[in-house]
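Have a look below at one chain only, the form predicted alone, in C-alpha cells format.
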C-alpha cells in the first residue's frame, strides 16, 4: 500500500475518470459518448440524469422524470427558495448569484433535496425490512418515536393532501407504473397513518422518492438528480423583481423587527 505522499505524487497531473473529457478543437466525450455526434438528439434531462447515474433513461421513464420536475416548478416568489432569487433581483444582483443562492438554501433538513435523500433512504430501508418479515406498523411508529419525523410524509405548509400527489398518481397509472414495490409501500404507510389518526400525509418528496427507488436509483443518485428540480420556479421571481422598482420586494419596516439584543448604547 502506498503512503499518502506517494498517492499524491501518483495523482499529480494524472487523473483517471470515466465521466468524460474535452479535447479542444476536436471533440468532447460524455461518459463514453461523443457529445456532439452521438448525443445530439438527447433531451437535456436525459443527459443530466445520465451524467449523475451512468444510466440511460428514455421513453416512458424519462417522461415520468420530466413531469416530476415540471410538477414541482412553482414560480411563486413567496416560497422561501424562490424568495432568495427574487431578493437577488430586487437588490440588482446577478442571476447566477440568485439562482445558486436559492439552490444552496434547498439544503434544508426538512425540505428540498436533502430531505429527499432521507426520504428515499427511509423508503428503501423500510421496503427491505418489511420484505424480511418485520411489521410495517412497528417500523413506522418506531421511526416516529425515535426521530419525531417521517421523511416523505407531512408538509409544513398545510396538513392536508399535497396537491401534486393526485396528478402524479394519475401519471403513474397512465404509464402502468402505479404498482411498483416502493410506491405500494408509501401507499400502505399512508393508509396506516390514516388508520392511526395521525395527521401526516404522503408528500411529493416521499412519492418521488418511491418512484425513483422503483427505478433503481441509489439515495445519492436521487439526491443529485433532484438538485435542479426546483430551479425552473426560481428564476421567474428574479426576472419579475427586475421589472419592479429596486428594493420593493417585500420590504419590512424596522418597527416590525422583534429585536431582543442589546439596548441602544452611547458610543461616545
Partner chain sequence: MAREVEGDTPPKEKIRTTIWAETPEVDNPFAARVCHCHGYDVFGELITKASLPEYLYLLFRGERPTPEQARAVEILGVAFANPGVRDLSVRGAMNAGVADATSAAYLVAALSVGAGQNGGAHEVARCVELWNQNGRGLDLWRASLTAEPAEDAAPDIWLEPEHPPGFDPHGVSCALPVLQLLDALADTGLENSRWLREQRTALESFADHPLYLPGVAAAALADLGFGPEQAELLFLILRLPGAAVHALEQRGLGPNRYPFFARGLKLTDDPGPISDDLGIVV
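Residue numbers count along the first chain shown, from 1. As the structure is a prediction and not an experimental result, all values here were calculated from the model.
Absent from the display: the form predicted in complex with the partner chain. The rest refers to it.
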Which of 55 to 63, 197 to 205, 238 to 246, 30 to 38 sits within 4.5 Å of the partner chain in the predicted complex, heavy atom basis: 30 to 38
Partner proximity in the predicted complex: residue 159 to the partner chain, non-hydrogen atom cutoff 4.5 Å: no
Contact flag, residue 223 vs the partner chain in the predicted complex, heavy atom cut 4.5 Å: yes
The partner chain contact at residue 97 in the predicted complex, heavy atom, 4.5 Å: yes
Residue 233, heavy atom within 4.5 angstroms of the partner chain in the predicted complex: no
Sequence-ordered list of residues in 7 to 22 near the partner chain in the predicted complex, where near means a heavy atom within 4.5 Å: 7, 8, 13, 14, 15, 16, 17, 18, 20, 21, 22
